[in-house]
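Included below are structure tokens for two forms of one protein chain, each presented in isolation as structure 1 and structure 2.
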Structure 1
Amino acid sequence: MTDDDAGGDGPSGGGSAAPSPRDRAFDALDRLVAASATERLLISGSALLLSIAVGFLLILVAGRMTSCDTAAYTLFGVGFCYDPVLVYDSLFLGAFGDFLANPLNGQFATTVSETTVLVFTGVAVAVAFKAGVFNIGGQGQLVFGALASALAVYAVAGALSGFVGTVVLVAFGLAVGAFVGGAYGAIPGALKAYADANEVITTIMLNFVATSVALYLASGPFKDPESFANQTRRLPEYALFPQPLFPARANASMVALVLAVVVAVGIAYLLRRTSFGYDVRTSGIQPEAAEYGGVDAARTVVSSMALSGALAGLGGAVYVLTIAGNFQTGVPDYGFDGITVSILAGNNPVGAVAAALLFGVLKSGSIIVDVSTDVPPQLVGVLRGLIVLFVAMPEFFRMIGKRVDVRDRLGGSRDAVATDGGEEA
């Protein structure tokens, strides 16, 4: 295998004499960055549009499978019970509420808070991907991070109060969430590094374990005795993220969103400019060359999975400290959405912010779809899967591109976002 393995049949010279594997890997990285950024963006955009189109058909088909008195939508003389235009209108615009009249409305607040959590899970998946490991366990790491954060903050909240209390408690809650999520993420990392256990399977299994254990803890030892639901005791208001803009009942914090963006940018810097980031990226693209160049492969896998888990755990802590206010069983699918966010963003941490916003809109919009139409909100889940599917097949879009005679001037890498390490976008 030569060094152009990661770039498929890209232009990198397999036979040319290169001074050292380190330089060679660096060259390959640079070429990939230059070649694939525009293409990635085009592919993600096309995948999104195609998913929306397939979703449109799905709504029509679903509309034929149910019965209604009057057709909500007519196309070519055929009546359909669901109106796809209305559904997409609710899905995309519903997320903003009546934005012009009141930018701080409840619906937009939901979009902001969903986006905030998704930035963390999206960046979490991206970090692991960069190192060539596939972290599907974001959900489990987030659940444990959320639970630990809720319990730890509750335990010490009584000792503090006021503004200082907020600063200390929120920071403490975030730290606990990150630590616990990181520890839980390190388990599949260590299993992969030292026992060669496939991380795709182990992380999925650990999700099931986390959900069950969290259910046990939140319905047993740490249950709020005054509630019928399986949840922990509610945290006092001063222990939660401050909400300087949104009204108190909106459960959204611009402070948390800013923190999420800062973390995403910080991770991008970490991956790009530090030696740890260099190890992670070369391990993802060329494990053999990385190891030859002095990178400890096993340690890189464990530390990048721990970092990935820590980010997911942070997401869990933010979920508790902005949205939930305590730990409740039945945490939404942030971990799985994080996979889509990362894949859509080409595993770029900063791009994940934009992709997270898109999914924040979809998640918040799905509530409006549920309320204002008869179409089941699980539609968003289908769209999520379709986006992942379409992003995985760039070859399809290249073929279409050639058909409509867009010259193949982008060149560069042929491979999709792959489990053997994503490239820079």
Structure 2
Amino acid sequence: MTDDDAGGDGPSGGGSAAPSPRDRAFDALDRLVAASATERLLISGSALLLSIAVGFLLILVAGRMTSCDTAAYTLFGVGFCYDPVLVYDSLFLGAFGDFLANPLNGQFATTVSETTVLVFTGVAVAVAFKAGVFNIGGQGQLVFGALASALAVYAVAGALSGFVGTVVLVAFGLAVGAFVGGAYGAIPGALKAYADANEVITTIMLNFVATSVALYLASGPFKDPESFANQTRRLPEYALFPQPLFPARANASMVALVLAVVVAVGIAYLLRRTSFGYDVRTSGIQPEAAEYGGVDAARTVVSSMALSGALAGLGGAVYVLTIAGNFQTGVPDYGFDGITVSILAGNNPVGAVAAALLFGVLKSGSIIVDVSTDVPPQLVGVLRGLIVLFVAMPEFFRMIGKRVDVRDRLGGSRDAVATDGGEEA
């Protein structure tokens, strides 16, 4: 046997060996990284349909594992206790309520309010990602922004009233929330830029600091003396976001939603059309090359984290001025959900609006599934997680592929490529 014979060539002697499963996986990752916007949209849509199909089977299996007097769904002559069609109908369409009969119904208001806050936190995470920084501390920045906004607005609310009071107090509350959230976000940015501290660890730790300090303040010095709950005094109605469309008890404001969309578009413009945005994007793509080209990498990291924190703090202020009406401990995990929203959107600030809407629909629809079906809440949570997981995973792997040369790390021969931190195609 000659060396050529042992080389693994094909029968003709001129072909090459079939690619291994690992090479096929690398090729698939390469295609995913290079996918166009249209291809990514199709991938996300396919992933959504696949998640629904998997969830459909999961509901059927769970329905066979429980007992019931009458089958809710029958397939091929086999009865099941849970109806998957009803579950998904409630999950997706329940978020809009009876929209045709009453477009301003309470369920749709819940969807709007959830979407509004998630836009802010999703864009906040996207800004940090663009700069090559992982801001896991959006929840802490949101909590401090919410607390500061509630306290500051309550302190000055007595001096104003009426329409002027609404305009001034809402703007003041947003400014305070953004400032405090930005200052808190700048801390891990400075630690990373000047002390080389891992921002993932510092932001996670600062989340605990924020929630602990907020709990102390809301249960002690600033606690509402007339309430048993750990919360601050309630703000007057004229200090909250106006609700020109929804009824007063809906806790949703189209004004706040419009503000969220405007902020998302403004951030997209900032990142794409300004010198600051150029610095942020180049630092996220290749920090060494950016610094060689004159970009102050340390200052850019601090600035981007401060901006990210300001957006999260802005979300906290909107939460207080729209949904809660004061600061209450146990703020929902909008900051953590913002990470998923950003990944779903491919770190595109405008795309975060659509991703936040999907998240808002799922959160609001879950309430309808809980009250209108016998499906356990845990199973509803699994279904919601499946949808998010399936839709987010392709974009997540794409982000990893753009940042890490997997072939090089795992023994491949392809040269390293630059990344763009989730740049849209």
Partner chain sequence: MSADLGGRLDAVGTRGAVAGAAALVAVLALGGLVVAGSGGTAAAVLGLLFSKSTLAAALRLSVPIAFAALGGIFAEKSGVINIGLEGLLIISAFAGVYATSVTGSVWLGVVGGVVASTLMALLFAIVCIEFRADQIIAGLAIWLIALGLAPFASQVVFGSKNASAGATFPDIQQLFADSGVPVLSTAVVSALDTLGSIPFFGALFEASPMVYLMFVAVGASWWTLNRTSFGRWVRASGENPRALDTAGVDVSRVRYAAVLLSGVLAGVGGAALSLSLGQFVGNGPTMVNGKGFIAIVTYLLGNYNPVGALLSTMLFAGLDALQFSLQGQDVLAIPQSLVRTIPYVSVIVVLALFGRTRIPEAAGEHYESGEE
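All residue numbers here refer to structure 1's sequence, counted from 1. The structure displayed is predicted, hence computed values, not measured ones. Just so we're on the same page, rigid core means the largest C-alpha set that superposes within 1.5 Å between forms.
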### Message
I need to confirm something. Of structure 1 and structure 2, which is the form predicted in complex with its partner chain?
### Response
1
#### Entry: Core fit, then Leu48 C-alpha moves 2 Å or more between structure 1 and structure 2
yes
### Task
Please say whether, between structure 1 and structure 2, the C-alpha of Ala289 moves by 2 Å or more once the core is aligned.
no
### Task
Tell me, please, whether between structure 1 and structure 2 the C-alpha of Leu104 is shifted by 2 Å or more, with the rigid core used for superposition.
no
### Core-fitted comparison between structure 1 and structure 2 - CA shift at Val61, Å
6.0
### Message
When the rigid core is overlaid, by how much has the CA of Pro394 moved between structure 1 and structure 2, in Å to one decimal?
### Response
4.0
